[in-house]
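So this first bit is one chain, no partners, the form predicted alone, shown in structure tokens.
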Amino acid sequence: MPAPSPVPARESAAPVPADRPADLSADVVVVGGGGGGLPTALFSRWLGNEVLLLEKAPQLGGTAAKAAFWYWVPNNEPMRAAGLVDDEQDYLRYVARLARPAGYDPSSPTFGLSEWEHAMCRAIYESASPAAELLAERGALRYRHCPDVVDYWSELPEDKAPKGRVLVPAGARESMSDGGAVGVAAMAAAAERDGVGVRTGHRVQRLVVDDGAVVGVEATTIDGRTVRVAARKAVVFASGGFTHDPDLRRNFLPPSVAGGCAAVTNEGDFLAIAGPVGAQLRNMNNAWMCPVPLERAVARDPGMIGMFSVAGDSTVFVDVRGSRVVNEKLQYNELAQTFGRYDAATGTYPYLVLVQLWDQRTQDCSASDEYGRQVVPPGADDSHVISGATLEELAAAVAARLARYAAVTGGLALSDDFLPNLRATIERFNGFAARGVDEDFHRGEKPVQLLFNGPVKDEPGRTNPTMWPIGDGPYYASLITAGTLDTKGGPRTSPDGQVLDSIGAPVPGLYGVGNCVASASAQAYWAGGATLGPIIAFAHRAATAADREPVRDPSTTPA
């Protein structure tokens, strides 16, 4: 397993005054070189600004580099060209219905969203398509349209444009699984081509403040030097969420979250940095969620990819009692909610770890190294896989593997009746699979569940592509728990990316984009790419607003 990339240690985040010349300077300083920072730097550079991008890791890319990099763009140009209608008010009803389901009100001017959430969601609609088109026109992120990819809740009556909002980098493979590597490489090449200054191995530690305005940052390099960087117009943070800060996770996220797939540098730095200038926080208790393999989450494996897709048809998730407890083909954000259910009668989280079980047929027909699937082909890393020739052998091996992690699961162990319950569960599932109807959890009944089904063997007479009876051994299993793709809480920003203080006023010169700031999506995951599409929209808006900032005193920068 590769070791996490070396980065400078965290230091005090208290702001410092602009009391000495800077070591470096630029019009706009961008902090973070991933899916938010790269487009922000490009948009700012194309407006004529001198731009310096500071990245904590030794390389660019962040979490986006290992993502599929779908990006969700409402009312995008290919949709309009095809005559697909994506009306703004219909879009707002859809996003409001999912972001705040308990407060959704179709008769309200904001559909039950707060004024801030409503304004932020409107900004996504207004700016995602222009931003995507500009990136494509400048050769930084050419895309292909995915007209048949459905939104994650396409069956809801509020979703009047259930298909066609997803774009992917043009060079991504047909399965769209490697878009992150392609997209990051394209944007990084454009940044070099167009003169964006880049410094990797620079961990931004604190703000430089002059008369209430942010005029720069101080960063620590890998070799321990402190570098002061002046920003003549603005500093834009795009440094990612707090997935890899255990204390922040413990205090803000459900106890079921064992770790996540974000870049290991995503430690919530901006929370500490923005706090002393009065930034108010929002949406701290939500995250972009997904199931993850327990072992890799606990080990903080930097290469871990979340389970976007649960592969196979002859496969089930069971709890420590051997019972099915969830529709295994739910979209990943919703599937991950299962692990955090609390049992008030026993005072435990009985589903903290679930066991994915599959048979040899699924191993032979559904193995894949894409989208974080646990059924992997020969030659791939299968350290997470548990096997047994019989169900008895598999149960014993699962129990032994689970025992290794008792210290992080509250002592969760298989029940004494796990094996007979598992046999009954398989028998019941097989009856459903033979008929093609899942009477317990309705597997395969919604379009998104087909989207994430993964490769399966074509079987004559099949009526449900997501289900097939589980056969004889050998059998395989993996321990699954909840993780994050990244978190989605942080300082509240204006629709133009301005960080807002405790009374809702912008902090002069300070902006935020992406998962380091609060998302107006609240609990929702609207569609594939509903992370990166809005991030690109806000990158464009923040770069545009930062360009309008007054040029601050150049005496703080070297000649």
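Computed from a prediction, not measured in an experiment: that's the story for all the values here. One rule holds for the numbers: they count along the sequence shown, beginning at 1.
In what follows, reference is made to the form predicted in complex with a further copy of the same chain, a form of this protein that is not presented.
Annotation: in the predicted complex, residues 153, 285 and 410 each come within 4.5 Å of a further copy of the same chain through at least one heavy atom. With the partner omitted from this view, the residue of 184, 398, 113, 79 that lies near a further copy of the same chain in the predicted complex is 113 [heavy atom within 4.5 Å]. The single contact residue among 88, 137, 247, 472, judged by any heavy atom lying within 4.5 Å of a further copy of the same chain in the predicted complex, is 247. Comment: 495-503 is the region of 37-45, 23-31, 55-63, 495-503 lying near a further copy of the same chain in the predicted complex, near meaning a non-hydrogen atom within 4.5 Å. Among heavy atoms of residue 427, none comes within 4.5 Å of a further copy of the same chain in the predicted complex.
Using a 4.5 Å cutoff between non-hydrogen atoms, residue 210 does not count as a contact of a further copy of the same chain in the predicted complex.
In the predicted complex, at least one heavy atom of residue 281 sits within 4.5 Å of a heavy atom of a further copy of the same chain.
With a 4.5 Å cutoff on heavy atoms, residue 267 does not count as touching a further copy of the same chain in the predicted complex; it lies far away. Of all the residues from 323-340, those having a non-hydrogen atom no more than 4.5 Å from a further copy of the same chain in the predicted complex are 330, 334, 337.
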